[in-house]
Every structure is written in structure tokens, then in C-alpha cells.
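Before any questions on binding or motion, here is one chain by itself as C-alpha cells, the form predicted on its own.
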Amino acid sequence: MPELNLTSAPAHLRHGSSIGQPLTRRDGVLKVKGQATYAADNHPPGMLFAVMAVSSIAHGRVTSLDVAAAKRHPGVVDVMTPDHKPQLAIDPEIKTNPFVFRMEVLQSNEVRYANQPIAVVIAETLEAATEGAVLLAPCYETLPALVGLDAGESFVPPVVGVGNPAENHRGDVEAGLASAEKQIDVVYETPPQYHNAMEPHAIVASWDDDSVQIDMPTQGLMLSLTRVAELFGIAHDKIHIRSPFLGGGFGSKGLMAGPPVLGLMAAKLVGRPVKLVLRREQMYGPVGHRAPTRQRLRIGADGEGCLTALDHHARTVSSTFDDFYEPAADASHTLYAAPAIRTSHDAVRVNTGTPLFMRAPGEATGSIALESAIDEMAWACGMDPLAFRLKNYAEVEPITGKPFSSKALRACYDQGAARFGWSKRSLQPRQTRDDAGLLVGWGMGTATFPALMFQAEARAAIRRDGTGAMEIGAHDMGQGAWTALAQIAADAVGLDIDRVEFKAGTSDLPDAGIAGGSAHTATAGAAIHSAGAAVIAKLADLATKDQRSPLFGAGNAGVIARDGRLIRRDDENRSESYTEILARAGVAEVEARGTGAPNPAAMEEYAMHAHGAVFAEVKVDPELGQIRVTRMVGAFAAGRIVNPHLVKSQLFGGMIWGMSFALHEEAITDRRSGRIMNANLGEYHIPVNADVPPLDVITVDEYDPHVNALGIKGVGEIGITGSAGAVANAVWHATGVRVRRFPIRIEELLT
């Protein structure tokens, strides 16, 4: 095979003609014109509407449903209940792999949490189905609900997150604390939070004998297809899922949940296409959320301000019927170089839908506690928070000892602090007011997120007319994947982006893995890069073995693919277009597949993380306690930047989410009933435009050759980590009041 010039280059250099360019979104025009087709926009002929009836209790069982009243309502076609439903091929309680979670699909009358589906009404119109669900008028046998972090006896879970050990340690923590000249022992609490993607969960399902066409938003096409196949006992090739656009996901659409399965069952029951869309309040239960935590941090430091020990324990909750445990304490694994570190978890079971992955799972909850505690430790040592972090940030991963990109973290600290003007910060709190008399505070936090990568496959083609094609079952949740991946594809096949047909978003395309863990661009991008190299190699093989080609005999000199031509590496005057090569060979197109996967050897030797530093300014009314974030600066090192516009948009979104974590978001549960009292966007507070300050993002140049062939790290979640802690620390600096229960409330500042 000829040598191919497809190696990586440093992040600040152009890679081909597309990677690194701030291209606008390829799907932007469709979206602003309302022409982007989301799942619920599909209306196949003969379609019916399905509406879930959900439980108004958190624990007990349904004793009766007035099915007859619902069926008498004009337009109602059928009512699906535990006693009247299609049978599934396997029990939905069976966990066939670690990424399968139990779901409620009317398998019994038991109620395990509020908002659990208890019936589905199917009707000719949405209005009729909605009214039919009301007419069911369920009656219950109610049992006491388990609510909160003290609901029952705690236990140590077997694993936290995705297979992580519940406890990790290095060194003697108790000895490190005993030897410390300064110590803190503090407890932080974070609330339950819900994803609240703009687009609710939805499905349009159409059966044709044992084949099914599905329109649904999913972050994992192949995971969803596999789950549908096993639940309904049909072959993979009988299932076609379309998911070209998602109106946000944040982890809630990564794994198959109960409601879309109910939509599939409803369509099977009535023998007609069915659409089921969750109402906003129904998203608070069956589709995952972020669990609450209570975190205790004990930290010690010597007289020079060097850490001697860090002990981080987190309590969280899971449902009464399944297992997912927020790995909050794991945030302390990777940032600070204490000679003794211990992280541990315990949990209690409550009557809730099973908590699941929510943007930066573990890192978001853990980092706000860790970064607040690090600020407290700096204050105890009489040190500036940045100076304390610079003295103690890790140059190797503390638990494993593996090297990582610590120089990039130092650059984030330096560049972020300089842009923010951190050197002017007063050490003492409550020292600064603006011209209006508002208290002014500055805070900071360190950001980190693992540089993950999964497995994926892509198909590339080069055609005789000089165009190319790239196919991959990728997902775009609004982060710009259609654009970023198309940029990688264009460079991979050596063509202008407008000359490459990019196909994504359906289950019949090669598996792109899951769009989660901030890994989708790296994972799908690596497969695209590999497929491009493979198809160029096939094209080069045609040319270099053809005596009529100017590339004949290129051999070890190799070729470069650029602008629709293959060019001799040792003599750029000798080249040939793709069209000429294929026409002479009498071939319409060449195609090849490529795969992307993590490198086990690199993973064994190196720790892989993206890093950042966030700085925030707040102003607080000293009489009313009202908090306003007035500016934020974030500096992030996240490997090669494929598209600066899209990356900054993701980082802005993460920083806003971090601000929201510190000041706004909280699901409030009625401790008597176990019901969520603010299951809507009116009372579940998130930032609006008036809450969001000017944001400034710096992307720090970083070339990490170990993460993957393209040097890409994720940016979807790192913006939250660091930002929440920066805002919380700024509130303390403004007021002198350290609030350890989030979100920070006005009354806590006033009292």
C-alpha cells in the first residue's frame, strides 16, 4: 500500500481545508425555517395518538381504572393496561447488559414512583386521547413513600457510574489528616435535577407484520435498535430508526426508556401507526434524572499550603428497583496532588424513577463540592485560591499515577486569570462594592472531564464525478455534529466539504456508537478518518499500479489526497484527479469502511482528560440577597478544535449550566407524597437570557497524541465542571457567607 499523508498535526494548525475552520451549521437554515423534521413532526397515514396516564402516588398499586369510561369517549380507539397489552419477547426487568435499565411498560399494577406510566389511551386525536386518560380516574392502595437522602438504611453499592469501584484510595488518609497544620471538614448537598431537553421524548411507530419503522430522538441508534429487537423478538434488519435531529438530550435519550416502548406496544396493539409524545411534567420520572448527593470532604494541608490528605465521601440515591449511583466523589481522582486520597460512596433507595446519566454525571455534582472545599482550604491556609491551586494541581493522575496533560491545565489557569484580571482580587471576602453599593465577589473553579472514546464504524466512497460520500449513523443533539463530522469527512477524502455527501441519523448506516460522554466527535470522527484513509488507499492503489498514471510507481514516496486529486508526495507537479483515475479504471466509485476505537495500550499508559479553569464575578444586593452573575471567563484545553464556532457554543452552554447548577436548578419533592412539586419549566428554575452574563471563552492550544488519531477531546460537558464552583466561590467572596447547599438561596445569604 502507498504511504498516506494522513497523520495528525498540532491543534493550532489547519488540518486539510475543513478541520479547524469556523464553518456555520449545515443544518442551521433548515432549523430556522422550521424545515428540520424532528420525531414528532412525522405523520404517517392513518396515525393515531397515544397519551400516557401516569401515577399520582409514589408507592403502592393501582386498584382500579375506569377503562369503560375512557373507551366511551368519542375518538378513543383502545386503552392499553397491564391486563390488555401486547406481550413482549422478554421480561423488561431482565438486564441483558450493563447499559440496560429496568423500565415500566405496564408489566404489573405496582407503582414504584410518581409519574410512572399506568395506562396508555389511543385515540384518533390528541385531544380525545388526553381526555380519555383523565377519564380513567385511577384508584390506588397507597404505601408510605421513601424520600430523600435519609430515607432508609444506607449501603455501599457494588459500583458507581459505569462500573467504577465505589471506593478508591491511595496513601494513608487518616495519617495525612492527623499531620496537617490546617484542616477542614465540610458537607455539601446537591439537589435532584432533571434534563429538561427542549424536545420532549417522542416516538412515531409503524408496524408492518414483524417489521417496524420508528421515528424517535435517540443518542444511541444501535443501542435503541438492539433493545427494540430483544424486547419484541425481531431481527435487527426488521427495524429502521430515523433520528436525524434531536432537540437536546443531555443523556436522557442515550438509552431506551419505557415511554417509547409503550408507543411501540400501542402501535402493535391497534395495528396502525401511533405517535406518543411526553408532556413536560411526564419527563419528571420515567426518563432519568440527576440524583441528589450529600458530600463530606475532609482536607488537610501543611504549613506551606501543600495538601496532605483529601477524603471525599458521597451519599446518593437510586430507585427501589434498579441501580445507578451518581459517582460524585470520583471528581477528586484527577485534579489535586495530595499524597493520600480516598473517595467513597454509599446510597439509599427511594421511590423515584431510576437516576441515570445527566450531563457530566458525577463530575458536575462532585466538582461543585470539591471546588468549594478547595476554596475553603485555601482560605484556611491564608492563600489566594488560584495560588493554592497552582501549588497543588496534579501533574500525574493522583490515584493511578498515570501522566496526563497537566501543562495544558497550567495554561488554562494562566490564560484565564490574565483575561479575567484575577491579580486584582482582594484576599478577604466582602471587601468590594460597585457604584450602586452592590457587593462584588470573584471566584474560580478548575474544570475537568475524561477524554473518552467508544467504538464506531463509517463507510466512505469516492465517485467518478469527483464527489465523495461518507455514511455513519451519527447523532446531532444540537451540538453541531452534522457540521463537525462533515468537516472531518471532507478532509478524510481530500475534498471540499460541499463535494461530500454526508449521511447520518438512521439505523441502517454504520454504527457510530453513542453520543454521550463528550465522546461522539472523537469516536465517530476517528471512524470517518479511518474510512477516508481506507478509500484513498484503494484509489491510490488503482493509480500507482497503472502505467498510464503520472502516479505510477509512487511506492514508498506515497501520495497526498488534496482538492480532489492524488499528488505525489515527493513531486507535487505529478498528480491526477479522482475523476481521471476512476474513468481510466472504468470504475464508478471506490468504497471502503473504517473503524474508530480507543487504543488499549495508550489507555493503559496514560490518563486522558480535558481541562479548564473558570473565573466568575457576581454582584449581591446586601439588603435583599439577590445574586447576579455579571461576567464569566473560561479557559479550556480540549485537544484539536474541529470547529471553533461550535466548540465555543458548547462551552458557553456548559458555563451557563454551571451557573444554573449553583443558583437555579432544583427539583423539589413533597416529602409526604413523594411527588415532584415543580415538574414544569415555570417553577423548575433555569437561567433565562436576563440571567446570563457576558461570557468569554478561551480555547487553549493543545496537542495530545495519545487520545486518538485526530487528537480530539470532548467539550460537551467540561464547561459545567469548574463553572458551578466558580459561581459559588464568587458568592462567598462577595458576602463572606459560605453556602453549602445548592442551589444558593437568597434566605441563606440574609440569615
Partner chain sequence: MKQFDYVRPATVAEAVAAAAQPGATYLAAGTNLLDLMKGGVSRPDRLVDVTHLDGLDQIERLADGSVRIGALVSNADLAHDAEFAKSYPAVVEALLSGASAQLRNAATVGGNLLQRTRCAYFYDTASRCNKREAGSGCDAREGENRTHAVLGWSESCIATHPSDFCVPLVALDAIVEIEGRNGRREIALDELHRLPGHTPERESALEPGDLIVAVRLPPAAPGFAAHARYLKVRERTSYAFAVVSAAAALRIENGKIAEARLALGGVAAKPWRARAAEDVLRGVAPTADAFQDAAWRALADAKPSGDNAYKIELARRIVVRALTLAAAGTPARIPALPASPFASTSGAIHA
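Residue numbers count along the first chain shown, from 1. Just so you know, these numbers come straight off a predicted model, no measurement behind them.
This protein has a second form, the form predicted together with the partner chain, left out of what is shown; the following refers to that one.
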Exercise for review: Look up in the model of the complex whether Arg675 has a non-hydrogen atom within 4.5 angstroms of the partner chain, and give yes or no.
Suggested key: yes
Exercise for review: State yes or no: in the model of the complex, is some non-hydrogen atom of Glu167 no more than 4.5 angstroms from a non-hydrogen atom of the partner chain?
Suggested key: no
Review point. Using heavy atoms and a 4.5 Å limit, would one call Val134 a contact residue for the partner chain in the model of the complex?
Key: yes
Practice item. May I ask you to state whether Ile686 is within 4.5 Å of the partner chain in the model of the complex, using heavy atom distances? Key: yes
Check your understanding: For this chain shown on its own, do Ser56, Leu438 and Leu750 all sit within 4.5 Å of the partner chain in the model of the complex, going by heavy atoms?
Key -> yes
Study note, to complete from the structure: Only one of 461 to 469, 188 to 196, 379 to 387, 667 to 675 sits within 4.5 Å of the partner chain in the model of the complex by heavy atom distance, namely 667 to 675
Point to revise | Candidate from Ala235, Leu624, Ala601, Ala89 lying within 4.5 Å of the partner chain in the model of the complex - any heavy atom | key: Leu624
**Study point:** Listed residue that, although the partner chain is not shown, lies within 4.5 Å of it in the model of the complex (heavy atoms), from Glu127, Asp571, Glu93, Glu181
**Key:** Glu127
Exercise for review: For the heavy atom contacts within 4.5 Å of the partner chain in the model of the complex, list the residues of 270 to 287 involved, in sequence order.
Suggested key: Arg279
